[in-house]
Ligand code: KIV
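Single chain ahead, written as structure tokens, the form predicted on its own.
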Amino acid sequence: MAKITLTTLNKMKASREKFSVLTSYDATFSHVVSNAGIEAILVGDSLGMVLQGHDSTLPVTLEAMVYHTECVSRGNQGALIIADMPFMSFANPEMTLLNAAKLMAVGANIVKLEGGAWLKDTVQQLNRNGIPCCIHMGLTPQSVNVFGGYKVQGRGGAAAQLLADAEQLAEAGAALFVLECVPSPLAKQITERVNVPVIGIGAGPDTDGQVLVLHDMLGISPGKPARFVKNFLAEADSIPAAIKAFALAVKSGTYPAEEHGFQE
């Protein structure tokens, strides 16, 4: 696969071509994922749950994220690598800059931060130092204790604030957005209003890209799957075939379907 860059994703947004993103945490899976037509790999702090067995992402350390990002980078065959900034690793712009540099040094192309408009100064600081960032909005798992659980965000009066935050962060220089568990109409509105690619997870079919946790889309995560998850291995004869099916379903617009999203 030709090397995917931010320029690639921006061109895809401009031409209304959908792109796919999957999590990966090691060299072997990143090799498989990047060879299956997935444009971007997310080294997610979801590793705290799917690899380490925690009940949230909060215990994940920066050292763990650096280690797994380096592993993914070694196996990657041209996909864009997005690395999560773990809980409390970006409490202020100076701390964020030092921690983000560690992730970039081992192979990340972009760092991802959870939050809203309060991150504007941090976004600008990162940009000044050549570090592009992705802002994760909506259901932000690191704030699970504030939300009182994993709940849909951006309903009712909260929708206007989420849209305003996205616009301010795009203006500040955010390179990408992830919208998680927000009503499909709101995700569509945000995608149309910001001039950078928007990736959805439980955010309906109208975002520019779609992301899933690898273990979820293979149907091997314990417990009841989230509403937005589809098991692509159920109709495939191998893991590489399932990953290719996910990429093709996103590209064609058959995934996510209406039942995978939420309404206002």
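What you are looking at is a predicted structure, and each value in this text was computed from that prediction instead of being measured. Just count from 1 along the sequence shown to find any residue number.
The following text describes the form predicted in complex with 3-methyl-2-oxobutanoic acid (KIV), which does not appear among the structures shown.
Screening 69, 207, 46, 34 for any heavy atom within 4.5 Å of 3-methyl-2-oxobutanoic acid (KIV) in the predicted bound form leaves a single hit, 46. In terms of contact with 3-methyl-2-oxobutanoic acid (KIV) in the predicted bound form, the residue from 196, 64, 213, 233 that brings a heavy atom within 4.5 Å is 213. In the predicted bound form, residue 162 stays away from 3-methyl-2-oxobutanoic acid (KIV), with no heavy atom inside 4.5 Å. For residue 20, no non-hydrogen atom is located within 4.5 Å of 3-methyl-2-oxobutanoic acid (KIV) in the predicted bound form, even though that partner is not displayed. Proximity of residue 41 to 3-methyl-2-oxobutanoic acid (KIV) in the predicted bound form falls outside the 4.5 Å heavy atom cutoff. Within 4.5 Å of any heavy atom of 3-methyl-2-oxobutanoic acid (KIV) in the predicted bound form lies no heavy atom of residue 217.
Only one segment in the set 122-130, 154-162, 98-106, 177-185 has residues whose heavy atoms sit within 4.5 Å of 3-methyl-2-oxobutanoic acid (KIV) in the predicted bound form; it is 177-185. Interface residues of 76-96, taken as those with a heavy atom within 4.5 Å of 3-methyl-2-oxobutanoic acid (KIV) in the predicted bound form (partner not displayed), are limited to 84.
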